[in-house]
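Take a look at this single chain, the form predicted alone, given in structure tokens.
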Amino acid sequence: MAGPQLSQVALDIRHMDGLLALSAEAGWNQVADDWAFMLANGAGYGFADADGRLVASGLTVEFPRYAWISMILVTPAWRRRGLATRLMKLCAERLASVGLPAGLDASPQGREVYLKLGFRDCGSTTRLEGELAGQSVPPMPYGLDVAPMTTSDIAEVAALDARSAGTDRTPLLAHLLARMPQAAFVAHRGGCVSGFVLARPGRQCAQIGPLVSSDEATAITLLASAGAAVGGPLCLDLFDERGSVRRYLDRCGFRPATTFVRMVSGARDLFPPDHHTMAMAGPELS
């Protein structure tokens, strides 16, 4: 029991209505497919009130070398009662039991909580919102070939991704390709994969990510291709050091909506210092 009126529950697909209500109430972009993927690839914890209504959630999304702590949500009436901290501890206990270090993407307010729980900063992103349909497409870099991604590309794409993400994320990449195949593109240079982009539908807008590329010019070409295919409002979480991509999006009228601080637990670095991730998959997915 978390208190006289709450009970702890193990989250699964049967809680979907409550989970969607929590993320919508918070103004977040997730849809049922997002929740289903996370529930199938980690562990979920929640608290329910006396009427069985879900009032809080927390998840782990687990990969071979590390896991993401995700979707720490508490409905407003139950905030400031320690539920978020309790959920964080449940997720941390789960990851300790399977031997996986933890990462997360925190809001500036959440960062202060996570610092006290032993997390440290290792990067930052800005969520940018706008549209790319109808925007002028920059010239394609010499020698670059960009084509729609297919399932036959997944192995090479996953290998490139692993060098930036620090772990194999094949299930995530395959899931995203199936979600919005028309906005998935892969770049080749000299016969080798040099970048890729994926996207997914959202409650408020499509989200582009991950966007991984060996250079920012290639990233811009991939981003323009995906944005044109989305054909409407979109968002992406761009790493703040990607200055050329940011300037391109600024020229296209994109607006900053929020920021995230990437954090990890312990002394171990999860990501290579020279990683080529331009935009992350999303704060809930890594």
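All residue numbers refer to positions in the sequence shown, first residue = 1. In this text, all values refer to a predicted model and were calculated from it rather than measured experimentally.
Not pictured, yet referred to below: the form predicted in complex with a small molecule.
Asker: Where, among 95 to 103, 73 to 81, 189 to 197, 139 to 147, do residues come within 4.5 Å of the small molecule in the model of the complex by heavy atom distance?
Answerer: Heavy-atom contact with the partner occurs in 73 to 81.
Asker: Is T85 part of the interface with the small molecule in the model of the complex - any heavy atom within 4.5 Å?
Answerer: Looking in the model of the complex, residue contacts with the small molecule include T85, since a heavy atom lies within 4.5 Å.
Asker: Is there a non-hydrogen atom of G110 within 4.5 angstroms of a non-hydrogen atom of the small molecule in the model of the complex?
Answerer: Yes.
Asker: I'd like to know whether F185 contacts the small molecule in the model of the complex, with contact meaning heavy atoms within 4.5 angstroms.
Answerer: Contact with the small molecule, no.
Asker: For F254, is any heavy atom within 4.5 Å of the small molecule in the model of the complex, or not?
Answerer: It does not: once the small molecule is placed as it appears in the model of the complex, F254 has no heavy atom within 4.5 Å of it.
Asker: Report the residue, out of F239, Y45, W28, F37, that has at least one non-hydrogen atom within 4.5 angstroms of the small molecule in the model of the complex.
Answerer: Flagged contact: W28.
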